[in-house]
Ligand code: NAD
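A single chain, nothing else alongside it, follows as structure tokens in the form predicted on its own.
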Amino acid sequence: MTQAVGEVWLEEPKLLALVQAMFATAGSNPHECEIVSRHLIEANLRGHDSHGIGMIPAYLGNALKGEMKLNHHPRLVLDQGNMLIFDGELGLGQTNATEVIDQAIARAQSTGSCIMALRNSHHIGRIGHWSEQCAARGMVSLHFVNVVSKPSVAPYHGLAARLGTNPVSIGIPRQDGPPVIVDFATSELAVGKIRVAYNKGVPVQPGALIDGQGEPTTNPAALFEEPYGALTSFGAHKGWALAFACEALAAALSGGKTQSGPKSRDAIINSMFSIVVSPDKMGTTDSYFSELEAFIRWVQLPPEGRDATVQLPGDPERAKRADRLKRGIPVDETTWNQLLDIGVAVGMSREAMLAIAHPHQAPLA
């Protein structure tokens, strides 16, 4: 395992300006720059560094190689009332997903529900973001995603990587509180979290990885250095079953590509199957909100005479966000240098990037 590295700390507004400048230099229009920069930095703010600015070297590297399209809009393939299918055609995933989720929400507001599939998009980032987009408009939503890239996850009882991390997210809006956002990879950890550990030179938790011989390991190099190992499914057979469902729903059912062989190109391809539902159109709004809050009060009620704090899905991310807005966003030095390198590759100077970002060597507060 490599030696642990240091980190820099960045203020959210300055990091936002840097990412916008990088994508603008690469060729994204102002609208796309705004969408992708806010999405990536929001992932960092919420503690999901795996899906934050550390993805930029892969994104812009693929754009330079023609493996990801900037300023590209998803193509409508099917419109059957409350059923929509779009083809992302390797467009920047955050642009693709923002547009198709907006259309799914509008259709659900009109008809009560919408089944929407986005196939063959470049990486669409943190899936919980799309649940949040729906919840902000009062919509309940479910999202199943598959990943076509270098296989990284072994099936249950498997000894080699055969599929991607295949995340699932569910958005549950509330009337007088923040939404409940369920968002997880079907692997024990996301690939990006292993990448972060690898870049930092630190081990991962036991049980998340097997090495090239199929033996348990905590060394993140197992995913990035030969002989390659694999991530394990979360919850043994349960995570594997959900991952299988993601391949069937997000890819096969939508007309997209499944992970059916080794890596064949540099693009990171996502397909997503979403169900968006309007409680208002169902006529259950009053009971939905009242029963949801009754359940929340019950699960958070501590036993008499004892202290207990039950967090809802999404609560840890909100706490992390408040902390990082105050103290800054930490980025390990390996990832930071990779970010500067790809900025130079698209046409920026390191001096210009450092002037925009103004990194600190310690937390801001």
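For clarity, every value in this text was computed on a predicted model and none was experimentally measured. Residue positions are given as counts along the sequence shown, with the first one as 1.
Absent from the display: the form predicted together with the ligand. The rest refers to it.
Of the listed positions (Gly91, Gly125, Pro173, Gly229), a single one reaches within 4.5 angstroms of the ligand by any non-hydrogen atom in the predicted complex, namely Gly125. Comment: the ligand is not present in this chain, but in the predicted complex one of Ala190, Val140, Ala154, Ile105 has a heavy atom within 4.5 Å of it, namely Ala190. Relative to the ligand in the predicted complex, residues Pro74, Gly112 and Ser121 are all farther than 4.5 Å at every heavy atom. Listed stretches are 295 to 303, 48 to 56, 63 to 71, 330 to 338; the contact stretch with the ligand in the predicted complex is 48 to 56, by a heavy atom cutoff of 4.5 Å.
Within 4.5 Å of some heavy atom of the ligand in the predicted complex lies at least one heavy atom of Thr165.
In the predicted complex, none of the heavy atoms of Ile210 sits within 4.5 Å of a heavy atom of the ligand. For Pro316, a non-hydrogen atom is located within 4.5 Å of the ligand in the predicted complex, even though that partner is not displayed. In the predicted complex, no heavy atom of Phe244 sits within 4.5 Å of the ligand. For the stretch 160 to 196, the set of residues having any non-hydrogen atom within 4.5 angstroms of the ligand in the predicted complex comprises Thr165, Pro167, Ile181, Val182, Asp183, Phe184, Ala185, Ala190, Lys193, in sequence order.
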